[in-house]
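The chain below stands alone, shown as structure tokens; this is the form predicted on its own.
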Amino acid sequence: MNWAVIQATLPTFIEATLLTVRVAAFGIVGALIVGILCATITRAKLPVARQLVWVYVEISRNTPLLGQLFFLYYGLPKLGIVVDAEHCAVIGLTFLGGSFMAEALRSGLDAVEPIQWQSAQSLGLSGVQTMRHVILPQATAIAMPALTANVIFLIKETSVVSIIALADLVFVAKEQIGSDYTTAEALFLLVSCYLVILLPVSLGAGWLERRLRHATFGD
């Protein structure tokens, strides 16, 4: 292990880490928004909208992110729509992650006892108020382990975006290995940077899960 090489290339990996975090953060936020919307629609009495959500979930979950990125970056320009690499990565993560978030939240909604709906309605709450203040907090607490797993999954999926020439961690590591043949150093920095990103997320999500369950159920 050549520590001089690691020191020299560390700034490049830090820059790539920031890019990876930025893409992952926007993708995860977008996936959560899509997931909440889709999970809510599955509880609504809107057959057409529910069918559209089902189609989206099936397409999203059964196609790889790699194929989605190829379509966004190389396919859309054929239709006259040009999107830069970073936005393609965010859109791809949102599209892929939204279906997983929707299924996690749907399972959480299904786990909430029907009496909760009835109690909220007996207190005069509207359907929207019931969902927002009573049902969704409980469903989120129940689904938190699955949501956490999806967040970590999406962060790790950013390793695929290098295929569209986005200078993320994997792209920088491959470039260093290809140009300088410092494989051990590049892989050490790659793994270290992913640990720096993922460990705080994992620990923070565990803490948040405990807080949510305590605040919602008193566990």
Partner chain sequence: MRHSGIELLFQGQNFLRLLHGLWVSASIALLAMSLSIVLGTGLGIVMTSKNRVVKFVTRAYLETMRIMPQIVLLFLVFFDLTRYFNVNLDGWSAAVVVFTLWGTAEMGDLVRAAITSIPKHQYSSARALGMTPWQVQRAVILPQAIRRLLPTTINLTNRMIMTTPLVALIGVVEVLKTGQQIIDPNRFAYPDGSLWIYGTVLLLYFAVCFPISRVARLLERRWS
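Residue numbers count along the first chain shown, from 1. Since we're looking at a predicted model, the values are computed, not measured.
The discussion below concerns the form predicted in complex with its partner chain, not included here.
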#### Entry: Exercise: L76 in contact with its partner chain in the predicted bound form, heavy atom 4.5 Å
yes
### Task
Decide whether L46 counts as a contact residue for its partner chain in the predicted bound form under a heavy atom distance cut-off of 4.5 Å.
no
### Task
Mark V53 yes when one of its heavy atoms lies within 4.5 Å of a heavy atom of its partner chain in the predicted bound form, and no otherwise.
no
### Message
Can you tell me if I36 lies within 4.5 angstroms of its partner chain in the predicted bound form, counting non-hydrogen atoms only?
### Response
no
### Message
Within 4.5 Å, heavy atoms only, which of I163, V29, A167, I41 is in contact with its partner chain in the predicted bound form?
### Response
I163
### Message
Which is the contacting stretch out of 21-29, 205-213, 191-199, 5-13, given heavy atoms within 4.5 Å of its partner chain in the predicted bound form?
### Response
191-199
### Task
Scan 172-189 and write down, in order along the chain, each residue with a heavy atom lying within 4.5 Å of its partner chain in the predicted bound form.
K174, I177, Y181, T183, A184, L187
